[in-house]
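Have a look below at one chain only, the form predicted alone, in structure tokens format.
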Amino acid sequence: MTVLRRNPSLAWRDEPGARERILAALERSEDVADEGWVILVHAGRMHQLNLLAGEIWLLADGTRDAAAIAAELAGRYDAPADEIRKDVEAFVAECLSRGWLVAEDA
């Protein structure tokens, strides 16, 4: 199994209060696509991750592969597993190409 972990050389922080505000807005059916709660600093630039990307980021702790992350999120958000899996795979691929995530054999 290949597990995913955050690149330890990146500076980042999460803002749980912002996450809670985003979840509340979702409950009210508001558009939160551009709302972020995890901030990464890479190559002198700040990147704000939206709700799903932030969740994936936090779950990429070196104990799970992409499939396990997708399964966790599908259950957490009662969402279609195939849809979540595609989103996770796309975000993970982007993060790997940017060097934000590292894939390691478990």
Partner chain sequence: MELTAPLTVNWTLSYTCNFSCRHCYSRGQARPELPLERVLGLVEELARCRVLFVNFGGGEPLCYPHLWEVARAAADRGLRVSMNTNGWLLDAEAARRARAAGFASVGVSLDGATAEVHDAFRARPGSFDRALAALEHLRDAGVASTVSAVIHRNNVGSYRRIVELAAERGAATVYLHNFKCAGRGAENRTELDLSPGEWRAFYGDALAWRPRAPAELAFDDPILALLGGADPGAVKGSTCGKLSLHLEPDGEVTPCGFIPVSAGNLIDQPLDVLWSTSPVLRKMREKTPEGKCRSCGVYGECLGGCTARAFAATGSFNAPDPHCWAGNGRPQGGPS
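What you see is a predicted model; the values in this text were computed from it and never measured. Positions refer to the first chain, counted from 1.
Missing here is the form predicted together with the partner chain; even so, the following discussion is about that form.
Contact annotation: the partner chain lies within 4.5 Å of heavy atoms from the stretch 42 to 50 in the model of the complex, the single such stretch among 60 to 68, 25 to 33, 76 to 84, 42 to 50.
Under a 4.5 angstroms non-hydrogen atom cutoff, the partner chain in the model of the complex has A11 among its neighbouring residues. In the model of the complex, none of the heavy atoms of L96 sits within 4.5 Å of a heavy atom of the partner chain.
Proximity of E15 to the partner chain in the model of the complex falls within the 4.5 Å heavy atom cutoff.
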